[in-house]
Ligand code: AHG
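The chain that follows stands alone, in the form predicted on its own, written as structure tokens.
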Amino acid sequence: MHISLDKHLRDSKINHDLRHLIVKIATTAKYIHNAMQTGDLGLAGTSNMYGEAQLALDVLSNQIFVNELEDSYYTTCLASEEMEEEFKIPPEKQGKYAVVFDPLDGSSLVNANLAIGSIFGIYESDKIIGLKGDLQVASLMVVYGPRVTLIYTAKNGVHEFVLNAVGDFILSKENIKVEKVAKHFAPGNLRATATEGKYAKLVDYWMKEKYTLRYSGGMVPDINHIFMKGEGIFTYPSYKNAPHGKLRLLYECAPIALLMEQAGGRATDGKKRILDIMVEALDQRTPIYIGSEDEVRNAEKFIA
């Protein structure tokens, strides 16, 4: 029996509005997949709030998600890595959920035909600043690769769905678990080892212990690898040129941290649980060490 995303949400007794919002995000992800296959992959001639050059596909993906979520009647406000300000939903269209998202994480990998993804965090709130990741009611990660997959949690475990030939997301893995010990490592920003001696020692440890390197240059595919293998660790430290880290707390780290914890893993900034960090700014960044619990704890010892 094929179990659809909607049926799985129903069977999990996810409330009506949240269920429809998650299904809406999944449906919109299919539009993004189509845009990647048919759209412009060049530069848009604009920059995002971080000064990074935007691809035309970044801009298009963001606009598609904003349009679809605004018209869903389930949201109060939206925040995206591609927008400088929070987008308030008009009163006549408001629901009860704030949605934060990275519409196309790793978009620079599209031209190389590598897997990329979309990340979403959902809060029952009419604001975003002042929240903590632990208050998310759900988070999702969509992977656009050889297969299009969606992994979600509504604090009911972590479950994977694959997009089939007729356009439905069908359950492929239920209750994904991440073991405490890892065999794989995905070290973000290896250049930091030139100035960050503690991080260099951590990477040396992994190599001496004969861990297997799996690093794509994109957070979504590397985290997805951990979920599919049931073990692993992904790191992106702070370093001289980015003392607060590079990855965004709101759009990347907090939603994925919720998924990882629900699968039995761990996610910290090296000292503090990612889901306990308060959002003080839309562009807030954080170091991250995420994956198998024992491996994250070991990484914390190296960088302490």
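Residue numbers here begin at 1 and follow the sequence given. It should be emphasised that the depicted structure is a prediction, and the values quoted were computed from it without experimental measurement.
What comes next is about the form predicted in complex with this ligand, which does not appear here.
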If contact means any heavy atom within 4.5 Å, which of 122 to 130, 98 to 106, 72 to 80, 168 to 176 contacts this ligand in the predicted bound form? 98 to 106
Using a 4.5 Å heavy atom cut-off, state whether K210 contacts this ligand in the predicted bound form. no
Applying a 4.5 Å heavy atom distance criterion, does G157 contact this ligand in the predicted bound form? no
Is Y205 one of the residues lying within 4.5 Å of this ligand in the predicted bound form, judged by heavy atom distances? no
Contact of G218 with this ligand in the predicted bound form (heavy atom, 4.5 Å): yes
Of the options Y199, F227, F161, F234, which one has a non-hydrogen atom that comes within 4.5 Å of this ligand in the predicted bound form? F234
Please state whether all three residues R191, R248 and E252 have a non-hydrogen atom within 4.5 angstroms of this ligand in the predicted bound form. yes
Heavy atom within 4.5 Å of this ligand in the predicted bound form: which residues of 258 to 274 meet that condition, in order? none
